[in-house]
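Below sits a lone chain in structure tokens, taken as the form predicted alone.
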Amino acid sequence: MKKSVARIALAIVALSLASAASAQVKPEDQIKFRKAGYGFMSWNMGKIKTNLEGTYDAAQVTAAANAIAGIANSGMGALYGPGTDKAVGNQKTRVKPELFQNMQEVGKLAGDFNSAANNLAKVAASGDAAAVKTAFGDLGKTCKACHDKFREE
């Protein structure tokens, strides 16, 4: 329980610090950068999925898992600054405005995602495809939890 509370507190602090940093980047650019980050993660998740469904290349899976963990730990919370809850300029967003009203829950979801991404990277380094499949599924659940609550279709 203490570990969970500590993770939530850390995620909230990270999001708070990220908000201060976001003031240095225009809202339109924040949306563009976060879409790029999620696109890169999606591409790497696709590589892992392809490996799990076909011929397993441990080196490729490890590289993809490390890329996902790197993005997860990059401070992307800074890209959810004021004014990024709706389209800005030519940058559209699918984030629901409710995300900005539920920062404690967002912090928990972000902490869960970071933990799952870090675990996937650790498990991928072992080369155990079955363990990667489980860790990959756990990561996907954390993505879905946030998407279900805070992402428009």
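Numbering starts at 1 and follows the sequence shown. Since this is a predicted model, take the numbers as computed values, not measurements.
Heads up, the form predicted in complex with a further copy of the same chain isn't pictured, but that's what we're talking about next.
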property	result
Residue contact check: residue 25 to a further copy of the same chain in the model of the complex, 4.5 Å heavy atom	yes
a further copy of the same chain contact in the model of the complex: residue 83, any heavy atom under 4.5 Å	no
Partner proximity in the model of the complex: residue 106 to a further copy of the same chain, non-hydrogen atom cutoff 4.5 Å	no
4.5 angstroms heavy atom contact with a further copy of the same chain in the model of the complex for residue 67	yes
Contact test, all of 113, 117 and 150, partner a further copy of the same chain in the model of the complex, heavy atom 4.5 Å	no
Contact residue in the model of the complex, from 36, 58, 87, 52 (heavy atom within 4.5 Å of a further copy of the same chain)	36
Neighbours of a further copy of the same chain in the model of the complex among 35-52 [non-hydrogen atom within 4.5 angstroms]	36, 37, 39, 40, 42, 43, 44, 47, 50
